[in-house]
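First, one chain by itself in structure tokens, the form predicted alone.
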Amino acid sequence: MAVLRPFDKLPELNSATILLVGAEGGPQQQLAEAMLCEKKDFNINIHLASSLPLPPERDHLRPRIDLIAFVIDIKSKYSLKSVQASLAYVDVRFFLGKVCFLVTGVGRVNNCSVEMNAIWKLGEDYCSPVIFCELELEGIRVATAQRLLRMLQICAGRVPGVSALYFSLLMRNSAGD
């Protein structure tokens, strides 16, 4: 069982790496392309995976992962099940601010196959922010890409005075308070 660990590799100079897990296909690829098109002052590595664990044979070539975004398609129960199964392959230290759940397809709530309570519970159980978006609309995809880039920048330690854990606490849902 190859568990992803946040600090098992040294960081690369002037770069950050994000891993997008789940909901394979067009929207995930389009989000990655939107992130690459954004203006930034550091190099970005984007890895796409439909589920975890990642293949161990290329582990020595893989850079340190600074942020994991689990992509859940609200129209697919399989997407949620895949993300839930993948969570077992993530070290608990990642959940100290280096994980978020990205829920796509929220513009079509009438076609929803996944319970919203299950998604909120997932974010609460893993102490990770839940971000809702519609990746099929270009404007929202670009805004989501910008948001993920800012989160990645913080998780990679490129923002002085702000840690990933502190930022994650700011992003938590305060509705229950």
Partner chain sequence: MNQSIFENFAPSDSIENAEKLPEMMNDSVCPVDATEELLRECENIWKEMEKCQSKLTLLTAEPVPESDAKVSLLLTRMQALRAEYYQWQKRNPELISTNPEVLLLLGEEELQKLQKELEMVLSAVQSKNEKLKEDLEREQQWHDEQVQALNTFKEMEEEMKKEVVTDSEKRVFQELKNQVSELKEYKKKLLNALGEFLEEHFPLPEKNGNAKKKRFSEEPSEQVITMHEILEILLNQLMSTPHEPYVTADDSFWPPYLELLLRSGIVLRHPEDPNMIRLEAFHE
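Computed from a predicted model, the values in this text were never measured in an experiment. Numbering follows the first chain given and starts at 1.
What follows is about the form predicted together with its partner chain, which we do not show.
- Partner contact region in the predicted complex: 117-125, out of 48-56, 135-143, 117-125, 26-34, criterion any non-hydrogen atom within 4.5 Å of its partner chain.
- Taking non-hydrogen atoms only, K77 never approaches its partner chain to within 4.5 angstroms in the predicted complex.
- Using a 4.5 Å cutoff between non-hydrogen atoms, C100 does not count as a contact of its partner chain in the predicted complex.
- For the chain shown alone, V106 is not a contact residue for its partner chain in the predicted complex, no non-hydrogen atom being within 4.5 angstroms.
- Taking the partner from the other structure, its partner chain in the predicted complex has no heavy atom within 4.5 Å of any heavy atom of I72.
- Along 139-155, not one residue places a heavy atom within 4.5 Å of its partner chain in the predicted complex.
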